[in-house]
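A single chain comes next, written as structure tokens; it is the form predicted alone.
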Amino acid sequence: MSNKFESLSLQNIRKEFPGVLALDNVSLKAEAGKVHALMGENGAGKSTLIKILSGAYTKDAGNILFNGKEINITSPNDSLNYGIKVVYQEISLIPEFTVGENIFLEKFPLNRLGAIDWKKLYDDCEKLLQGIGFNLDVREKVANLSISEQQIIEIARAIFQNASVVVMDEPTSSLTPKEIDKLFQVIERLKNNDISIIYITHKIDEIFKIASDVTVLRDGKFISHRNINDTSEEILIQDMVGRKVDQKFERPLNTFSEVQMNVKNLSTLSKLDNISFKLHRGEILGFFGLMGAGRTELAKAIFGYDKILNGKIEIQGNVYEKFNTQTMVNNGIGYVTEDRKGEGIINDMNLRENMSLPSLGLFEKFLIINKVKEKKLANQYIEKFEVKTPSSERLITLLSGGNQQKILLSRWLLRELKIIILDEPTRGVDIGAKTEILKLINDLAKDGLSVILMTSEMNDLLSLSDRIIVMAGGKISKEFSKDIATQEEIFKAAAI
């Protein structure tokens, strides 16, 4: 193997799972000093291809060439030896370890006695993070950090490990606009050091900023390879979806009278400070904030996950000062978490079981679950949401992230809901599915469901929300009606 990395090629890769041909004759090439974008809808085969490259899966057929020479990757250790580092969308850090321990996990600095040199570890970690433009407490436990902060650590780990090829799987899905700019600066530094980046994203505008070329997969097949200067968003979307997709979605101006929920002076010990707002029947109330603003904490506090210190919540005449998740579920409230892997799906359950989990009472009689009824209803939502799966009995971990998100949405729609809290509902979701989810949320609101929408996707926020509340530092900084809200004013309010 040459000391200097030049290129990595995957040629005619095939991978089959029971009942599913995940990859069928797929090829991709990454070159030193360039960003190669990999795109496709959820279920297109992107994750499978990357897992073969990382050694998590072994290919059934095809070739992998490193600097023109064929290599075998049969384990993660093989991949690491070639300098291939994958930053997965789903966080894989050790929660009880500190930031520094996680970043230096594979290579702790040692002193003369062979013990870990903790001072050097944390000093080097601070220099690394400062060098790439991020500011985190290197001694903080990862368990205490937000999803976006954990994403930063994942990226820093890959950079620390002297990679030849860095694979970034939806790296900006949890980052603020300012952090995204910093990430793009980091990518430029990697390119200048002849490192290759394979960049997976659903955000088409990003690849026109940083990528040299783009490969599109659909249904496990290679569709196209295009130079970024010779293509357009419309062409790439059609490559991905196989048809033209109308991305434009605009909810009309609405007026509301019936108050569904009234949150008064809500505070928590760690973050929220005197939060008050009203939510009307059929309204979509959008919440926006930069990292650490408190959106997710507010979602969890309202749903009863996090204990409130002061304040109360009134739901159709019922006032609650002390409550838990069961209280909220009994009041017709559902919650879809931003942390799909950690707090959403149950790994050991299939689609049907994951979908029916909060609603087992609908299927139970004399302590026995009617699986025929459960399966019938699950299949209705699988068909309605176009979930890509051969069966409702398939293990949920075998689905792509976007299809998992559809199952989590379905989970609550089985019930008679009054309010649904959606925390980043379109994060990591492909263009076709994203448009479907936005339309679904709009249709649910038209039918009278009240929606609390926590999102960092500015287009989603502006097109879907009837009102927008901006948070900063655990407080409400400003509220906008739909007709006067602009991206510039929202960011200004979030930066207070």
Partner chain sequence: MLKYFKSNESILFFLLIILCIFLSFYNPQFYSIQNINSILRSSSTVMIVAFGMTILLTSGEVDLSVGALMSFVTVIVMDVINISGSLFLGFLAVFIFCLMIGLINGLVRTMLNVNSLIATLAMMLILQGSVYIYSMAAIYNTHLLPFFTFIGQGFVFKIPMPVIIMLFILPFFIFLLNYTKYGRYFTAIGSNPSSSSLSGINNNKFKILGFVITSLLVGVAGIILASLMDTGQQGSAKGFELIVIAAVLLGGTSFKGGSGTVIGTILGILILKVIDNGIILMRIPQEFQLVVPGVILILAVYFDTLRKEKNV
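Just so it is clear, the structure is predicted and the values come from calculations on it, not from any experiment. Residue numbers count along the first chain shown, from 1.
The same protein has a further form, the form predicted together with its partner chain, not shown here; the description that follows concerns it.
*Asks:* Which one, I204, L417, L266, I345, lies within 4.5 Å of its partner chain in the predicted complex by heavy atoms?
*Replies:* Contact residue from the list: I345.
*Asks:* Only one of Y82, F303, Y381, Y122 has a non-hydrogen atom within 4.5 angstroms of its partner chain in the predicted complex; which is it?
*Replies:* For this set of options, the contacting one is F303.
*Asks:* Please state whether all three residues N324, E353 and L367 have a non-hydrogen atom within 4.5 angstroms of its partner chain in the predicted complex.
*Replies:* Yes, each of N324, E353 and L367 comes within 4.5 Å of its partner chain in the predicted complex.
*Asks:* If we define contact as a non-hydrogen atom of the residue within 4.5 angstroms of the partner, is Y335 a contact of its partner chain in the predicted complex?
*Replies:* Contact with its partner chain, yes.
*Asks:* Taking heavy atoms only, is P358 within 4.5 angstroms of its partner chain in the predicted complex?
*Replies:* Answer yes; at least one heavy atom of P358 falls within 4.5 Å of its partner chain in the predicted complex.
*Asks:* For K341, is any heavy atom within 4.5 Å of its partner chain in the predicted complex, or not?
*Replies:* Contact check for K341: yes, within 4.5 Å of its partner chain in the predicted complex.
*Asks:* So in the predicted complex, is its partner chain close enough to E374 to count as touching (4.5 Å, heavy atoms)?
*Replies:* E374: contacts its partner chain in the predicted complex.
*Asks:* To test your reading of this chain, name the stretch in 157-165, 359-367, 205-213, 273-281 whose heavy atoms come within 4.5 Å of its partner chain in the predicted complex.
*Replies:* That would be 359-367.
*Asks:* Could you list the residues in 396-420 that come within 4.5 Å of its partner chain in the predicted complex, counting only heavy atoms and keeping sequence order?
*Replies:* In sequence order, L398, R411, W412 come within 4.5 Å of the partner.
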